[in-house]
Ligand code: G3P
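In structure tokens, the next block holds one chain alone, the form predicted alone.
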């Protein structure tokens, strides 16, 4: 099944009532997509209990539980019932060596990472390092109105080939706003969508999600 991940980021309007925001969307059903939500760290435990199987972290650290102030250990997320996280989003970039180490740890714990990449070089690097899910998001398109599927379809196609060669999947994001953006992304071979403002900033988030998940 295809993935559809909505990144809630830390927008003020959502942080006030994150459970209410997700509750409004949780009833949307799709025959094509598995729908989930990447939520702020401060809300992880509570939202995981309210919406089991639908919550991902926005970031995870390499450190295990222990004296690591501010860290988000993978083991803690698993304890909450959270089995996935974004990593290396363009707004939370980390060093390449750390990413590859986290990829290896995630594999050993059967934890599902979505490793965000800005270009084909990163797609090749991290998929070859063992990342099973890659999200291609050109930073210059994030939050804008021009979809990556429209601006850079050739990179999506090439990224899909790179991922398929090592048994990985490619998600796409950045500027995705319309049903046509989603349909074109899937036509180009993407296995899912990573989206933020197309849902979080929509005048009617539920209608937007319903339309974009091709329900």
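Since this is a predicted model, take the numbers as computed values, not measurements. Residue numbers count along the first chain shown, from 1.
Omitted from view is the form predicted in complex with this ligand, to which the following refers.
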Scan 103, 77, 141, 117 and let me know which has any heavy atom within 4.5 Å of this ligand in the predicted complex. 141
Where, among 169-177, 23-31, 59-67, 150-158, do residues come within 4.5 Å of this ligand in the predicted complex by heavy atom distance? 169-177
Give a yes/no on whether residue 9 approaches this ligand to within 4.5 Å in the predicted complex, heavy atoms considered. yes
Is there a heavy atom of residue 14 lying 4.5 Å or less from a heavy atom of this ligand in the predicted complex? no
4.5 Å heavy atom contact, residue 191 to this ligand in the predicted complex: no
Does any part of residue 89 reach within 4.5 Å of this ligand in the predicted complex? Heavy atoms only, please. yes
